[in-house]
Ligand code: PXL
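Okay, so here's just one chain, in structure tokens, the form predicted on its own.
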Amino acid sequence: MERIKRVAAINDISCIGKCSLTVALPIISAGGIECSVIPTAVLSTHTGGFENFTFKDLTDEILPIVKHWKSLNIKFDSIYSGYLGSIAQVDIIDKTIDELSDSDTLVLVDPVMADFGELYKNFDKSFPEKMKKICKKADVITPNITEACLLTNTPYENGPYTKEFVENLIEKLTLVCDKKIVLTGVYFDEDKLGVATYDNETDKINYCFTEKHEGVYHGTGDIFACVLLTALLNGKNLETAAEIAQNITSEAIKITKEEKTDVRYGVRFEAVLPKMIELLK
């Protein structure tokens, strides 16, 4: 009997608000992949739109978990790194990747640290340089435009963007990760939003766009990265995996808009899991 593929997902747990590990577990599992987790922190809610949330840092627990897994000789087909709460955690995840991966392990790093031209409040200006360290070990990175600018020391620009700006940014990103790049938040007009992908195996840049939804929707970056990873582990190439991830994320936002629910609680990704499973076949 063939062993089920296994992912080590490294991210925080927000007990309310669909993002991070509460998104990774159901999406990756629905795609037929076993999802093991390394929680970096536990929060009562995510930080977007909620006040007075609790926060428990779990930095000291990461390497003991890794050590125990190593003692059990557990193989991981992929390592997925998302939000890291401190520079100390970046160094620890760098070591975790070395400890848990081998030549066949797909490493996906989502360098979550910024948006809309600004670093998140809990990060200082030294954080992007540290994040480069684990991006260099990744097989796939999924930065948004702001994160890509910070990783490449490129002045941030507001969209809509030009192809020249996007493709110059991707060229610079190949010095940070020389394998596969998925640049999110790309748009050339106000009607369509999507991603640009670069695959070192083809040396080509491809684009995928869906309807552009106005507003801020928390957790969509996590949804995108998890669907992308799940599609890759199901044998899809980078371009196809990005198309699936972009379409599923966009559809989840659309349903959330139609239902007029409180967006602080995240988007209705649960409703589009059947479609994701169908697209993975």
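In case it trips you up, residue 1 is the first one in the sequence shown, and so on. Quick caveat, the model's predicted, so the values are computed rather than measured.
Below, we refer to the form predicted in complex with this ligand, which is not included among the displayed structures.
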item: 4.5 angstroms heavy atom contact with this ligand in the predicted bound form for Y120; value: yes
item: This ligand contact in the predicted bound form: G48, any heavy atom under 4.5 Å; value: yes
item: Heavy atom of V112 within 4.5 Å of this ligand in the predicted bound form; value: yes
item: Contact label in the predicted bound form: C19 to this ligand, heavy atom within 4.5 Å; value: yes
item: Residues S14, L43 and Y83 all lining this ligand in the predicted bound form, heavy atom within 4.5 Å; value: yes
item: One stretch from 239 to 247, 66 to 74, 215 to 223, 252 to 260 that, in the predicted bound form, holds residues within 4.5 Å of this ligand by heavy atom; value: 215 to 223
